[in-house]
Structure formats: C-alpha cells, structure tokens
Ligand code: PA5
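In the form predicted on its own, a lone chain appears below as structure tokens.
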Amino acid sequence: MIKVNFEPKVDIEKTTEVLKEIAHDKMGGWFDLPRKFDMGEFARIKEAAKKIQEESEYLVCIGIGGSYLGHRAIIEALHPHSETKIIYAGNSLSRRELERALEKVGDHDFSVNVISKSGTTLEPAVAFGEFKKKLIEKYGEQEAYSRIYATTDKKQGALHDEAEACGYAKFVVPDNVGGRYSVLTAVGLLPLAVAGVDVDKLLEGAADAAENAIEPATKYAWMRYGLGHKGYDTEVFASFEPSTMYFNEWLKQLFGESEGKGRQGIFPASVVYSTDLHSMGQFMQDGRRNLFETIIDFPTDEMNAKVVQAVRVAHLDGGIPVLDIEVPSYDEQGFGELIYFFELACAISAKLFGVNPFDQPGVETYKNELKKLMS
C-alpha cells in the first residue's frame, strides 16, 4: 500500500463532500473503474493484443497528451519483454519526428493503434493519415484496415464514423473519463498489453488503491493545498529512476491540466536524480524558496537509497518542504496503485483549490486559434 510521511490538518467534512462530488461528476468514471471494469472489453483488448503480437513487429501508437503519456510512462518504466515494439507518433507537428517514425517502421510488419476521442485533433490526425497510407501501400486496403485499431468515442465523432465505415477494430474511450485519467481504460491497456505489461496485475494494483489509497491521497491533497496557500506555488516531482522520466511527464499533464485554471493551482515540474543533481541541484538547494519537493520513493538498491536519504536531508536543510510518497513495488502492481493514487489526489486537490479537475478550457483556446491559422 502507498504510504506518505506527513500529517497535514484535514477537514473531514470537506473531504467527504469533495469525494462525493468526484464520484458523481459526469467525468468521474475513473473513480470506480478499477473495481467495475467491463470484463468483456478487457477480454477483447487482450485478444487484440495477442493478434497484434502474432502479426506485427511494431505497433504504432498515434495520440497526444492523455492518449499516449500514461501508457508510455509505464512501458518506459517497466521495460517489459515483447517481440512487438511500440513506436509513438502524432504527439507533435514536427515533420522530422513523423519521418523518423515512418523510417523506423520501414519494411517491417506493423499495425496502428490510433487513439482519439473525436478524431479531429490535428497532431494525431496528420500522423494517422501518413501511416494509413503506408499500410495500404504495403498490404492493400482490406488487410490494411484489419491492422488498424481505433480507440475512440463509443457513439460518434470522425474517427468513430471512419472505423465503422472501414471496419477497424474499435475500442471505447468512456464518455465519463477524460484523457489524462484514461490510462486504465482501453486507451492505455491495449498498447500496454501489446508491449508485454501484465495488465491484470496493473488493474489489481489500481483496484487495491481504490480500496486503500483514499487516506494517503487525501493527506497529500491537503498538504499541497496548505503549502499552496503559504506561497509555495511550484511542486517538483523527484524520482530516482531514470526510466520514470515519462511518468513525470504524465504527472505534469495530470496536475497542470487539472489545476491550472482561474489563476489557481500549483505549477508542476520534475527532476530525475541523481542525474539532475548535477544540473538543477544548485537551484533546488539555494534558489527561490517558492517550491516544494515530492519524492516518489520506489524500492531501490542500497546506493540509490543513500542518494534519496542525502537529498531529503540536504533539501530540508535548504528550506524546501519535502513530501515522501512511498511506493510498495516497482512493477505492474505498484504502478497500478500509483496511477490511481495520483488521479485521486489530483482530483481532490483541484476541488480544494475551487477548480474543475476534469476540463481544460485553456487547451481549447489554443486549438481554436490554431484552427483559425490553418483554415
């Protein structure tokens, strides 16, 4: 079970009210998801993953933001074994990156998992067009379509309609689960299963956290809220495993998009120690004291454990509030627990700051401006 090393003042009545709001929110479907997952959909996901593994050397995952960060974080961290390798595309508009992905696939056998609720987000739409063309050129239209897996809206949208018309295998992005909270849906589970991650254990970990992580998640949320009101406006997530870099990126999206509204929220940043002690270490020790540090403490070897201890003592002495989140294991179970813990803590924290954890109006503003320029 995840543990925290701090005891903030918690308003039980307010917490109960917030948890009820989250559970009944129209976008709160992730709250009970680990305990109520559609097992028919889960079986289809594992069946599709097996088919992809049997016929493809690469699976190209096309998506941006919450459509790729969560599952990439777990794959990079656990480095599971699978003959089918994951390639990512559609997470930027860089032509160079897209061409590199196309070149990496080359003449190898491949399949595509395009992940988009609407199908109209520009970055994945551009990449999907290129890879669909490559599939058709290599296999012909009929087989090409059998190698496309669309994770999208259940009933509507451009990608949903195309999948229906062309016969792509289709998986659902639940209406009541937003992108950054969707790791434990088909959005994350299909590429994770293809990559060789034990998705059963991942869901078991999340289900365990749904039962046992409410108390530590609540403490963490109230600690952030208290620090925010004392002028600590930046949180630095600190990991001591280089392979968790993308997990840090998912955390930054989760907290940034959930809290950063109405001139509210704590700015999320991240470091990976001990590497970043030789770059950001000086600022952390002696820079502005507007930040606090959250150590994600995985089980580690003796040498790394001493680094964790040294950082904790040095930064506390330097005037930085240091929060410890102790993760029980560095495996699917542990990451399942950790994902649910942070989703819950983030939602509670955003509610305490008085903002909606589940929308992202600022992102929509950028999209609208881009549409004007592209028109």
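Computed from a predicted model, the values in this text were never measured in an experiment. From 1 onward, residues are counted along the sequence shown.
One more form of this protein should be noted, the form predicted together with this ligand, which is absent from this view; the next part is about it.
Among residues of the shown chain, Ala23 is not one whose heavy atoms approach this ligand to within 4.5 Å in the predicted complex. This ligand is not shown here, but in the predicted complex it comes within 4.5 Å of a heavy atom of Thr121. Using a 4.5 angstroms limit between non-hydrogen atoms, Asn356 is distant from this ligand in the predicted complex.
When contacts are judged by a 4.5 Å heavy atom cut-off, Thr15 does not count as touching this ligand in the predicted complex.
Contact annotation: this ligand lies within 4.5 Å of heavy atoms from the stretch 253 to 261 in the predicted complex, the single such stretch among 76 to 84, 253 to 261, 95 to 103, 205 to 213. Scanning Thr185, Ser116, Thr244, Thr218 against this ligand in the predicted complex with a 4.5 Å heavy atom cut-off leaves one residue, Ser116. Out of the listed residues Val327, Ile64, Ile320, Leu323, Ile64 is the one that sits within 4.5 Å of this ligand in the predicted complex by at least one heavy atom. Looking at 76 to 108, no residue comes within 4.5 Å of this ligand in the predicted complex, counting any heavy atom.
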